[in-house]
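Just one chain follows, in the form predicted on its own, and it is written as structure tokens.
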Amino acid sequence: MNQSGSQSIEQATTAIQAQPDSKTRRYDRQLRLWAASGQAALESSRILVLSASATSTSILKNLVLPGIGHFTILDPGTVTGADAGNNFFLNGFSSIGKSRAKEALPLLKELNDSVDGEAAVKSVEEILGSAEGRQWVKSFSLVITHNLPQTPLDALSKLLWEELEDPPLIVVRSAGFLADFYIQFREQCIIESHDETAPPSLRLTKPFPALQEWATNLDISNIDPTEHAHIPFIVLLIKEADQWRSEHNGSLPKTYDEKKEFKKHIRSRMVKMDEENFEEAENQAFRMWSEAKIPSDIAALFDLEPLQQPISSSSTSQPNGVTKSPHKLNPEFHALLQALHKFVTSPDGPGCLPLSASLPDMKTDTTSYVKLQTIYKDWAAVELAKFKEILKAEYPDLTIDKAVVDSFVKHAHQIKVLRGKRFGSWEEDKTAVAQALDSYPQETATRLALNALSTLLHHNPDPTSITAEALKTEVQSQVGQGVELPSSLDDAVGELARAPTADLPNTAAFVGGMIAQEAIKMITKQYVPVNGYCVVDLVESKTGIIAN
């Protein structure tokens, strides 16, 4: 009997242990998007959602499924007939007259048994009316509101703008087929932005020793034809650059004609017409004159001062006579940023960002690719160690998790820092509003119409009082009498007058997915969230961002 396929007990046990656990299997696809670090951030998050509307429950559905840690629904209202007809997380007409928050809770929790949830049958005014309630709101990782009336919304946005470390606030408004949302936050520091437009430098113009040695020792004219057809384009470009520099006083191609000539030289090295690696080197030659030492957006971050929490003069003096220092937001990230500045400006450094071990796909054989990958990985480790030395020297008393430091260095070419504004501050700047009307008339008109709707409902909650003329008048009063309103405003006010308080299931589903996506970005601190008002127009199936 053939025993070649049999396994020992030890082998079988090892194979079983190597299988992914239940959590990995459940979240497999999303772990490919934000990895274990992002999932851990999600699972430790606590989300407060104000209202159990169709849109709010759609947002929560898309947060519960990927596995947030906890959510609380704050809603004092009872289920109406309209709620029963448009909210899939209520039990139809049997829910009418019951607490909307409590009725929505069970079906949301059924989506993911690892997520904790609760319903709070209180008004936001009651919560904000006590110091304990205000502190409770600030204890969450993220706060989301949907169609919250103007007065409590203003109070909430101001509350969550008091302290630097107050949680972000996502304000969502919708009516009929129109909606918008805004994320209020102080600062979002992003290490893994997943920006595909900012690939890491391959160090083609300033190769590190092992890479330069490979290119220098390569005799292209005296190697096997098969090997010749599999030389990585990186090595070919460095080899060609060395030859070019030797003939042009150490300079790389600058003019159009020189660049064209450089590519011609690469193609002339081909011994067969089907050598795809040389064609690839020709196509990638642009890297030789466009590879910046330090991308301008990264260089700009080096001058960015950390945000500091102002402290009153009465609190600066401590009992022991020591003066209290102002509190800084995201101190670890800014320490890493300054260490990166030291790294790129160090006399014995590379003069550029740390090397990433990531390589693009290329036309080569497995042996050459693995060799190249190993060279890059080894030198990346050298520069990582150098970065850590600088970090330790500059901030000896600061302890930062090793995984965070490693990730920062690996993704140094993608780091971003966003700074936001308090909700409502854009509307206070009449000049900015007028400029937005000129640049983005349709999106701005929709945003202003939704704001006008909120104002009118604040003065009179009866939706039958909303007319297109009243909305246009309110918009005009917001922007000033001398500002010309775009014709697209008529479409926006027409839709809002038709359905001023309608929470349509299809709008709720679309907006719910968008908001959950932005919430995940804020929680995981990965990918780049919307910074401004995102306007959604499902009449024309389009979205736009203004005031960013």
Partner chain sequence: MAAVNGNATSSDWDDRYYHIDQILDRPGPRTDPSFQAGDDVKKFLRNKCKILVIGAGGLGCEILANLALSGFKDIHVIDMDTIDISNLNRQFLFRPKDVGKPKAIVAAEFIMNRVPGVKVTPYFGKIQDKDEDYYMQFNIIVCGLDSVEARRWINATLVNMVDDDNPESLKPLIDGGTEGFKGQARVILPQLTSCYECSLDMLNKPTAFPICTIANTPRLPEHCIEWASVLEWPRVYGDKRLDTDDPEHINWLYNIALKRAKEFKIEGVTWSLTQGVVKNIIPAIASTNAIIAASCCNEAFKIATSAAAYLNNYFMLIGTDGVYSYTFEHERRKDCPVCGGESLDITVGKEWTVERLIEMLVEKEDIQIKRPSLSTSKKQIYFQAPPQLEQATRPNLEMKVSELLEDGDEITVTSSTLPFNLSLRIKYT
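Residue numbers count along the first chain shown, from 1. Owing to the predicted nature of the structure, the values given are computational and were not obtained by experimental measurement. We call the rigid core whatever largest set of C-alpha positions still superposes within 1.5 Å between the two forms.
One more form of this protein exists, namely the form predicted together with its partner chain; it is left out here, but the text below deals with it.
With a 4.5 Å cutoff on heavy atoms, residue 514 counts as touching its partner chain in the predicted complex. For residue 499, a non-hydrogen atom is located within 4.5 Å of its partner chain in the predicted complex, even though that partner is not displayed. Heavy atoms of residue 279 never reach within 4.5 Å of its partner chain in the predicted complex, leaving it off the interface. In the predicted complex, at least one heavy atom of residue 504 sits within 4.5 Å of its partner chain. The contact with its partner chain in the predicted complex, taken as any heavy atom within 4.5 Å, belongs to 86 out of 86, 205, 356, 330. Note on the interface: of 233-241, 86-94, 389-397, 114-122, the segment with non-hydrogen atoms within 4.5 angstroms of its partner chain in the predicted complex is 86-94. Residues 22, 25, 26, 27, 28, 29, 30, 32, 33, 34 are the ones in 21-37 with at least one heavy atom within 4.5 Å of its partner chain in the predicted complex, listed in sequence order. Superposed on the core, the two forms barely differ at residue 401: its CA moves less than 2 Å between this form and the one not shown.
Once both forms are fitted on their core, the CA shift for residue 203 between this form and the one not shown remains under 2 Å. Remark: with the core as the superposition reference, the CA shift of residue 362 between this form and the one not shown reaches 2 Å or more.
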